[in-house]
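Next up: just one chain, as structure tokens, the form predicted alone.
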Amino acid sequence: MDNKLLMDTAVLAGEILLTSGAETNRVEDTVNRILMTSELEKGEALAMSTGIFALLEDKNKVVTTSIRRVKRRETNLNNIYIVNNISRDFCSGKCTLLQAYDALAGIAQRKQYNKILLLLCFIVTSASFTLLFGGGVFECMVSAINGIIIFLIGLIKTRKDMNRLIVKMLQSLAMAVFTVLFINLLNLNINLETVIAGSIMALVPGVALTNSIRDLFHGDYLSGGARFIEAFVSVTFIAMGFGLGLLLGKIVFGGII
């Protein structure tokens, strides 16, 4: 077996999982299972929120190591599902090492969802949570438009590679300004708090917070703490954006808050 290709395959699988928002315990387990298919004496993997360390060692204590820095993180459950299936197929002998590597390498070029579908998801998510929080027709309509705003500003990050925290703050800022503007221009009896609560749910980092707790339960205190801080900072930027937007609306229109 080509040990270098095996190492590259294992680390690539871990990188995709970590980039897609998987918990570190899952990343380490996947990388370890792939490494242990070798005939070498030892295979170890260590995953953190920002990188992966992997090691292969033979009977003569000759060590092969790999370090992969992970800078980008998002939530992509479909990628996690695909990597898990590829890993299971390879470890059970259903595919060769080269086939597994090619399948993993092809994930980066895979376009999973078109922009229209993503737009509809943001619209439905924002409107549905507003309805869940007790909003009426007008509240849901405003929240649906806020979903469009989230999508459009999110395109800036894709094209300009902006910091995602800044993008989240801009999204929440734009939603707050639009909501205040809409209420004042149409003079409708709209519950501002319900609209904000429903719209903000599309930005809340729920997966990151959940994974941080799961990492802590598995004893990965470093990764769990880092993910928890990441989720807390993300929520802080979202709150800052909404606060600035509402303050701006109060200054311009007066008396809405």
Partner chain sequence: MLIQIIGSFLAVVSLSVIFGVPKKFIIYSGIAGAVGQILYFLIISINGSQLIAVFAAALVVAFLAHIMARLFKAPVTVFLVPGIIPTVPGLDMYRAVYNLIVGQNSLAQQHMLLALKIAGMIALAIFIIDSLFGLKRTKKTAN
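Residue numbers count along the first chain shown, from 1. Everything numeric here is computed off the predicted structure, so don't read it as measured data.
Separately, the form predicted in complex with the partner chain exists; it is not shown, and the next lines address it.
The contact with the partner chain in the predicted bound form, taken as any heavy atom within 4.5 Å, belongs to Leu117 out of Ala108, Leu98, Ile156, Leu117. The contact residue chosen from Val177, Leu131, Met141, Leu170 relative to the partner chain in the predicted bound form is Leu131, the criterion being a non-hydrogen atom within 4.5 angstroms.
At a distance threshold of 4.5 angstroms between non-hydrogen atoms, Ile238 is in contact with the partner chain in the predicted bound form. In the predicted bound form, the partner chain lies within 4.5 Å of some heavy atom of Glu193.
Using a 4.5 angstroms threshold between heavy atoms, Ser223 stays clear of the partner chain in the predicted bound form. A residue is said to contact a partner when one of its heavy atoms sits within 4.5 Å of a partner heavy atom; Asn184 fails this definition for the partner chain in the predicted bound form, lying far away. For the three residues Arg26, Thr75 and Tyr81, a heavy atom within 4.5 Å of the partner chain turns up in the predicted bound form in every case. For the stretch 203-226, the set of residues having any non-hydrogen atom within 4.5 angstroms of the partner chain in the predicted bound form comprises Val204, Gly206, Val207, Leu209, Thr210, Asn211, Ile213, Arg214, Phe217, in sequence order.
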